[in-house]
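The data below hold one chain only, encoded as structure tokens and taken in the form predicted on its own.
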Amino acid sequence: MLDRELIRTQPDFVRHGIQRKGLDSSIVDEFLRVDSAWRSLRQELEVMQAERNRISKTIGQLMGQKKIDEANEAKAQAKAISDALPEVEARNRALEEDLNKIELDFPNLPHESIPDGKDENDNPVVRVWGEKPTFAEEPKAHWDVAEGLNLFDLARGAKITGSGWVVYTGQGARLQRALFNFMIDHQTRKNGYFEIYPPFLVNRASLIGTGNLPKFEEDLYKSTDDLYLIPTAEVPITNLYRDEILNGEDLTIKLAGFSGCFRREAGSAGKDTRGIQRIHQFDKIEMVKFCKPEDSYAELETLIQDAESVLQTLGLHYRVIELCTGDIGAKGAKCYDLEVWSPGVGRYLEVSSCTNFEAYQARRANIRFRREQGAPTEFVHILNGSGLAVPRLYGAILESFQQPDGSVIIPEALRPYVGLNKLTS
């Protein structure tokens, strides 16, 4: 959500930012129209209420002066205003509700530093780490490696639930569990995050706070009691501080949590459907930061480095790209993606997005801070990033460390968690 005063006083600036993302900027005009009507009606309402109060105060004075006729006339005037007020108040509430709905549809504005572009093809590569692994023969895709080692079962996942659901089995289940345990330990013990284990179901207010609702409702799984399965731990962790005022001395707050993630992946039919590249339930470590506005871009750089450190520790080749205006999406102000090399698939696959939302989510969730006692409140800046998402990382390990005999070498840092040096049939 954007600052109302920014939209009112700098509408051209807001339009330009929205247009840079390739989005429809007519929402600015819609906001200004409804906002003008709402403020005008609110002023009318305040005048009516003030007039009624003024008249009501005179009634007692007139009665005390024995001016009965004038007092009765004043009573009639006050009653006429009171009778008219409910209709005006109802129109005011309706306009305010319309204004709130429009506000929730506003995208965030892109930071001035991010590159202009139409789509993912215009995203510049920021840096590359490590070397692509080499193989004597054509490397197998992770689904073929997994089949030879009986690591997961897509067919039975589809039988139990449906297409896009997976059952991890044997050593494959062990590797799955090892990955998220390793990563939460890495982010908390090595990178200084405070661990959170959040609920996997959240209420509607939580999803509005992070910007998932109302825009992305079709991607969510909803229960019959108006709760939603989380698409990422970003949602419950961000909402830990909803409607709270934080102590400025406590910032930056760094939280990391493991969760299952549930996504319908609406609109993604036929895209990356082989193996476990795109599934409806997956595990992920999420990192969330709450910081002062002046610190948020420095915190973004360390956030992506914290995500990178997982891949570096595992010895996986990857690259960092910066998202251009046409690919950053509605919520972000600036975003980096971390893409691991998947030799069997033959391309880079995203395993983390690290985003600075500035005050966009904080306004929606009403998360503020005070720099010192008695100081005015300000909205915090909120950042988050995956550290990391498991499925594509899982696939990259199988593909990158596969051996000619069909086995898979376990990266050394992961061996204490798996309890094995190698996956074998």
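Residue numbers here begin at 1 and follow the sequence given. The shown structure was predicted, so the numbers you read here are calculated from the model rather than taken from an experiment.
Below: the form predicted together with the RNA, not depicted.
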**Prompt:** Which residue, Lys118, Arg127, Arg347, Arg93, has a heavy atom that falls within 4.5 Å of the RNA in the predicted complex?
**Reply:** Arg93
**Asked** Of the options Asn150, Thr302, Ser82, Asn181, which one has a non-hydrogen atom that comes within 4.5 Å of the RNA in the predicted complex?
**Response** Ser82
**Request:** Using a 4.5 Å heavy atom cut-off, state whether Lys422 contacts the RNA in the predicted complex.
**Result:** no
**Asked** Quick one: does Ala37 come within 4.5 Å of the RNA in the predicted complex, counting heavy atoms only?
**Response** no
**Prompt:** Closest heavy atom of Asp69 to the RNA in the predicted complex, within 4.5 Å or not?
**Reply:** no
**Request:** Give a yes/no on whether Met63 approaches the RNA to within 4.5 Å in the predicted complex, heavy atoms considered.
**Result:** yes
**Prompt:** Where does the RNA sit in the predicted complex: which of 396-404, 353-361, 381-389, 48-56, heavy atoms within 4.5 Å?
**Reply:** 48-56
**Message:** Can you list, in sequence order, the residues from 348-386 that come within 4.5 Å of the RNA in the predicted complex, counting heavy atoms only?
**Reply:** Arg368, Arg370, Gln373, Thr377
